[in-house]
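A single chain, nothing else alongside it, follows as structure tokens in the form predicted on its own.
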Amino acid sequence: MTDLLRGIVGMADWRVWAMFGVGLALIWLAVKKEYEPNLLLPMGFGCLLANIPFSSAVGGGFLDVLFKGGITNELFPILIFIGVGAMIDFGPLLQDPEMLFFGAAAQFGIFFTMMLALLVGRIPGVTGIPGLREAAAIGIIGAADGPTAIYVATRFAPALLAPITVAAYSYMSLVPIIQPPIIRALTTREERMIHMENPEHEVSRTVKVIFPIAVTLIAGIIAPMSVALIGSLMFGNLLRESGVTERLSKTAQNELSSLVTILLGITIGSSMGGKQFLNPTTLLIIAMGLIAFVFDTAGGVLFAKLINLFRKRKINPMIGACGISAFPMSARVIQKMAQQEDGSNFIIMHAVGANVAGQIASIIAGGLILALVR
């Protein structure tokens, strides 16, 4: 009876009902709209578990164990990257290496939002962004890469982990809604109709095996703090491309990725307690996350337009928008837009090349931030 009374009293807190609403909204987005369902559904359910008054799942329960064992020590994001690496084919990038530049250009939103968050944090009355580390954790939402955002936020701003993760994955799922109007605003119809020749040469198996090893070594030298992230991504890719570990590659792509995604989602959801989540800082983070995505897309498109000033064979500037790390969703969005303008225009190979370049660039950007921000 005592527990029942405590539960009834606890349910009188408006924040409990508000977080129930947030959890159910995440589940609805996953089930009804199919927005990142593999992550938003467990995240929404974890939110419900965490906000039931006196829940045994938190406060020393199994979700706390998972949080300490998978998030605090950064294990879950690393394992996710092994699975992602095993899924990615870097062939389109290796066929057209200049796409790497678009991956780099589309990280502009990270650093712009980081500076913006730092300025906002200095406004009197804003208490949730006290310094550069918190601003950097918010800016990394612009990586359009959930595991990288979680990794950096865990290091720099664990108190902001939940809203940063929700913003990162929500906006990743909304790429088909966010990117097209920005691209149309920055390009003409003639630019969107530009055709690009597909590379005809095949990439040898030797090159595909050397690539993940070389990227790990080069990225490690440039940004040693990125080794855990880039190394796990490239290790997964090496499993795929080696040709001798097919069973391990399939396990990384399927069982490992699925299991860790479940645990990651429900664990992040468990950190969405009403007292920590329902505050003005959460709204600021969500707003700045959108700004980061907008400037990522704009940065990539404008960089492509700049390059075209010096090229005889023009690049379709929409390719620049694929430099964000939302793989492969962004590439699909760009191909769809290209065919809406001209049904015979197929730029999917170039779009995928820029998209996987964005995956690499976002990790290196995260590593640089970890190394430079103190």
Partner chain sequence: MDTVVAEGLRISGVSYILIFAVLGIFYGLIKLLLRMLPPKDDSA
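A quick note: this is a predicted structure, and the numbers were derived from the prediction, not measured. Positions refer to the first chain, counted from 1.
If you look for the form predicted in complex with the partner chain, you will not find it shown, but the lines that follow are about it.
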So in the predicted bound form, does Phe235 come within 4.5 Å of the partner chain, heavy atom to heavy atom? no
Should Ala104 be counted as a contact of the partner chain in the predicted bound form, where contact means heavy atoms within 4.5 Å? yes
Heavy atom of Glu255 within 4.5 Å of the partner chain in the predicted bound form: no
Would you check, heavy atoms only and a 4.5 Å threshold, whether Ala361 touches the partner chain in the predicted bound form? yes
Can you tell me which of 244 to 252, 91 to 99, 75 to 83, 164 to 172 lies within 4.5 Å of the partner chain in the predicted bound form, counting heavy atoms only? 91 to 99
Quick one: in the predicted bound form, does every one of Met114, Glu202 and Ile218 get a heavy atom within 4.5 Å of the partner chain? yes
Can you pick out, from Val126, Ile210, Ala159, Ile262, the residue that has a heavy atom within 4.5 Å of the partner chain in the predicted bound form? Ile210
Work out which of Ala185, Leu119, Ile177, Leu283 lies within 4.5 Å of the partner chain in the predicted bound form, going by heavy atoms. Leu119
Counting only heavy atoms, which residues in 359 to 374 are within 4.5 Å of the partner chain in the predicted bound form? Ile360, Ala361, Ile364, Ala365, Leu368, Leu372, Val373
